[in-house]
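The form predicted on its own is given below as one chain in structure tokens.
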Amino acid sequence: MAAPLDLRFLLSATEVGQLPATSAEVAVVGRSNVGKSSLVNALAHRRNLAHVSKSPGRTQLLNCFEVDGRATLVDLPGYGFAAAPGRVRATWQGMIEGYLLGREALEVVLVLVDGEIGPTPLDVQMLDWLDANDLTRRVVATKHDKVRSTKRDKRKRELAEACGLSPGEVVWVSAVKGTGVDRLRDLVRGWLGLY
């Protein structure tokens, strides 16, 4: 078993210039309610590090965490439907794009896709945008536990194909059951140069 990431909350920011200097960084993006905060908690093996809500859109800032004392992870606001005022949601696109294009230490963007429903048009749009801007990204399919075991192989093929990937290129996880979390911890440490 891979040791949990030693994650420590540093700060929340509204723009990239407010974030601390770092040697390397991983960003977590995805639509609202895909399970970004739950995954951050699972990576750290902690329950309440990142606030989890049943209402989509509770992450409204760039939330920065220190990883193993040497690098950082940033949890970004979700895209799509969110239980937040329109004036707040209107600032998110600029905040997210400014961060993704302006963060020099950014090594990889984890694009979380709901494994139960597959990529939405917004997910595909995000993947295309990242590719167009030459940003390294990996697809992480969440909610593995919600896909029936008899349908998992088919779902894995369909989801990967819809993202333009082979099934082996998608990291499947369940924050609830812990499926795939060890593998993702190892990948994150590798991307951040923590080995």
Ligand code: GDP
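It should be emphasised that the depicted structure is a prediction, and the values quoted were computed from it without experimental measurement. The first residue of the sequence shown is number 1, and the count goes up from there.
Just so you know, the form predicted together with guanosine-5'-diphosphate (GDP) exists too; it's not on screen, but the next bit is about it.
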What stretch, of 144-152, 65-73, 122-130, 163-171, brings heavy atoms to within 4.5 Å of guanosine-5'-diphosphate (GDP) in the predicted bound form?
144-152
Heavy atom within 4.5 Å of guanosine-5'-diphosphate (GDP) in the predicted bound form - the one residue of 159, 27, 43, 34 that qualifies:
34
Hey, in the predicted bound form, does residue 176 get a heavy atom within 4.5 angstroms of guanosine-5'-diphosphate (GDP)?
yes
Report whether the minimum heavy atom distance between residue 60 and guanosine-5'-diphosphate (GDP) in the predicted bound form is within 4.5 Å.
no
